[in-house]
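Just so you know, structure 1 and structure 2 below are the same protein chain in two forms, each on its own as structure tokens.
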Structure 1
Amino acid sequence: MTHGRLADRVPDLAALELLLAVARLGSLGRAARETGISQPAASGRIRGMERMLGVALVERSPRGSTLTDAGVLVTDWARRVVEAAEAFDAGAEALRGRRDSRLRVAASMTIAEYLLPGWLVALRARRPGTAVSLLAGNSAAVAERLRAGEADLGFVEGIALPAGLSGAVVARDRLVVVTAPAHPWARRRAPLDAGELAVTPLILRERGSGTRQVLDAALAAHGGLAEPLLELASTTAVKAAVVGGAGPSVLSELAIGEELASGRLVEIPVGDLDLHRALRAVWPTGHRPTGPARDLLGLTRP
């Protein structure tokens, strides 16, 4: 980390949105109007970004503004930030949503964290104005909500479908054995085998997490999981412990994309074990999703 806070070196969201608008509309004034500020304010903000970044972003001319070469790149990077912010917003809105929402979703943590916000952004684009409420919990809690009629659609990551529920696979996920790069396993030439994994104490989430259930079931033939090395409350805490070299763990590939790409974590292949798992949308048997629930379901498998 360079010294100096990130916020001092990255323009705020309003400025990034403004830049996207300028790129799209080709004029500071039009972008200003679209974002609801005055033209001088827009001009100033863009100028401020250019000063902050030390690079000219837009070419101003008496008949409009176009992006410079650097501006094109910056705008693309800005778009990623704005997209992440949109996912945040969609998720937060659902979290705030009250009981009377038109679509009440219950989802397991992994799905709520990594997949649902994107789906909600898409739903918002396709069916604007759909009020969504979100409740996150483990598979049992999701099933309970559905059976009690307190949720219209659920998402779970277990192996078996909870009793009384029907479902459809909406995505696949794979559990991955990971260690810090310095761990001895990272230097193995032969893949790990299931027996070794079963006898090794791992860093895991608390009992009841979907990840842990699937893993335990997959290792059943080898005696099941060893007693955990550490039990932590959140996936993030587990990742931090593994990166810190505390020991190996098994995590969803959804959770570790960034860490693998940057080399902070290393994947350890396992020879004789299939750790794929299905992520399912679920609903009470007999109550096929309708209305907004059906819309959302439709989005999850393009």
Structure 2
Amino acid sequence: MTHGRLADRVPDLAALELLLAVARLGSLGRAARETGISQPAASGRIRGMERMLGVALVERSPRGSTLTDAGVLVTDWARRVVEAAEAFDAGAEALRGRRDSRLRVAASMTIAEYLLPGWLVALRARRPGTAVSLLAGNSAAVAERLRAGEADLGFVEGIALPAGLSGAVVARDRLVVVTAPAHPWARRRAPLDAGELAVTPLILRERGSGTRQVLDAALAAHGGLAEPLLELASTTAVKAAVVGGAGPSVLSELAIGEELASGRLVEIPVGDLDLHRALRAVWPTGHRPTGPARDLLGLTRP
């Protein structure tokens, strides 16, 4: 499916936000006022969505507007899309690195991609005037930023607190062995042995990444990792290589839900290896977070 074809079949964000407002307010007129458009424009936008989707979404009457059964379902889906767009916007705004930033956040790639945007949306609701800048890199780079005074709060994925930093666990994660469906491991019936994993060249993140640190430690008793088949600097690149059939990898459970659900990746059970890990917020020892950093930390706690 190409992006152009998807855009032809999925309503834009403004239309989805209007539908959510109709659902919440029970009136097309009030929804139009809330979203800053005229009632005729709102009616046209709803009709356009209905034509695009091929189903009726809203029933209009003198008493107001109510959702059809299909409209209820579409509204639930729309809510997820709008929430994802809000998280995208919060993350993108932080990446722009505004000069007036009052909160500098450094985060490892997995946390920056899959957890931090939602936390930033929550922070925006609590402190709407707070400008945030985001520096993304591997866990080792995050620690360096904090020690150099270039960030107020960091998030890392390693097995332990980096030297010179204090921290708190904010989430739990699990690393998963994955392959493309055509890989021989995908057809095996018995769990993979840790020793076999250790001697197999894998597609891996670079040294310094939290994922690589955890895997190195877990396989130390089995002779350590074999020389990587490929070494890539982002989880997205690793996933693409595995999906393309280049070889197996070990990735965060946070990062592969969509690929597992669609069948593009297959999870390979490992019988005798613990690949659970803690995800941590970190800060320089002796400098407990204050102000916006403290607020963000509070929003991340499990």
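Note that the rigid core is defined as the largest set of C-alphas that superpose within 1.5 Å between two forms. Reference numbering: structure 1, starting with residue 1. All values reported here derive from a predicted model rather than from experimental measurement.
- The form predicted together with a further copy of the same chain corresponds to structure 1; structure 2 is the other form.
- R207 shows a C-alpha shift of 2 Å or greater between the two structures [criterion: core-superposed Cα displacement of 2 Å].
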